[in-house]
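What follows is a single chain, given as structure tokens, in the form predicted on its own.
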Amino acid sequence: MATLDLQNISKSFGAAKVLQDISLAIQDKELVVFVGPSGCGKSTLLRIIAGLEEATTGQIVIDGADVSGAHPVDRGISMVFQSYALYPHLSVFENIAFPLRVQKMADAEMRKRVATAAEILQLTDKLPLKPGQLSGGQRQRVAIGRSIVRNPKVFLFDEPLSNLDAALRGDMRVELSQLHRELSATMVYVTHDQVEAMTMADRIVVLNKGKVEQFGPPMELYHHPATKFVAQFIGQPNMNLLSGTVKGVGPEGLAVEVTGGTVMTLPVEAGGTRAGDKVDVGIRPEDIGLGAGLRMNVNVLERLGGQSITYGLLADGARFCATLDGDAAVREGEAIDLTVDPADCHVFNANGDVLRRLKAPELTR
């Protein structure tokens, strides 16, 4: 397969800057996911890699070769789109074989490649059928097979599961992860779904307003978000953010007053923050337990078996969420007391940048 280097990529449509000076080094056989909200530039960046859009500035380098000006066919990439784009009048075999027929490949080699792709994707018994006789997941596998037979250096996926129902999306996530391991392929995958990003990626690129907020392994982004945006985007349910005021700075961290007058000593470096400065304290719902500390009025309770997700308001009216044990003694309309370990809190300065912890937790992958 191949390495993929994006060097200072920028893209503008008139006065609108869609991508701003993006540089990424994607390793051989790595699955990297571009994730972010609608309009953040992730699909545009993928199309620039594919050669379907031209970067305003910057270079695309695949396996050490600059392909910035190369035609899409000459880049050694293959792209799977959100739409299956299958030919309804052709069989599964002919749909998969189509790009090889365009290349006028010898019949024996073409049949060998189609058979190999069909076996990998569990489509061998579907080869005589037409797309209309297949399920949505099977049609998506046909579209992927059409890419596999080309033996590309890099696979590109543009939200390939967004047309599938929730259950089928879960199944296809597993299948695509298995496919990545079987092919040992370099893959770039675009999605707005953080679950897809967290479960599939070797590394995640979080994009926001055309800029890279953070690039790293999933659990690094979860445990060590570099910015407030990443902290809120990664994790489900979303991280709680409490407005706070710094009361003091000491060797054990920052003393921060949050809602209801609660003062917490948070083990983070000051990073130029002083007494009187405003900060945001991030608390993940799953790091919260029952106990004295914060009082929340429960408005909505979701019992999910092993978990009970509670939504409500704190004393100052701030929205808050806590993920508790499935059989937690909590009811809608009641007030409950919640506690959190200060070591689990994240602190963000006025610019939205995280303040480094004095002692970082160990990561798991």
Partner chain sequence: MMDKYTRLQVVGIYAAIFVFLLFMLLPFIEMFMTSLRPLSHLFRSPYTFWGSDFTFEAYSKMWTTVPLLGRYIVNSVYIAGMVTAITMVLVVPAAYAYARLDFPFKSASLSVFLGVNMFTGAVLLIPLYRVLRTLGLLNTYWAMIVPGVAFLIPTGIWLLRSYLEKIPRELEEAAYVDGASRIYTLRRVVLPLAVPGLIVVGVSVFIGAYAQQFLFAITFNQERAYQPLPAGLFEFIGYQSVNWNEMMAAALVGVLPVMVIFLFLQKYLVAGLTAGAVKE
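Numbering follows the first chain given and starts at 1. Since the structure is predicted, the reported quantities are computational estimates derived from the model, not experimental observations.
Below: the form predicted in complex with its partner chain, not depicted.
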item	value
Non-hydrogen atom within 4.5 Å of its partner chain in the predicted complex for each of 83, 86 and 102	yes
Residue contact check: residue 78 to its partner chain in the predicted complex, 4.5 Å heavy atom	yes
Partner proximity in the predicted complex: residue 237 to its partner chain, non-hydrogen atom cutoff 4.5 Å	no
Heavy atom of residue 251 within 4.5 Å of its partner chain in the predicted complex	no
4.5 Å heavy atom contact, residue 257 to its partner chain in the predicted complex	no
Residue stretch of 276-284, 93-101, 208-216, 175-183 approaching its partner chain in the predicted complex, non-hydrogen atom distance within 4.5 Å	93-101
Position in contact with its partner chain when the complex is considered in the predicted complex, options 150, 153, 192, 203, heavy atoms within 4.5 Å	150
In the predicted complex, the residue from 199, 245, 163, 116 that sits within 4.5 Å of its partner chain by heavy atoms	163
Residues of stretch 130-168 in contact with its partner chain in the predicted complex (4.5 Å, non-hydrogen atom)	131, 132, 139, 146, 150, 163
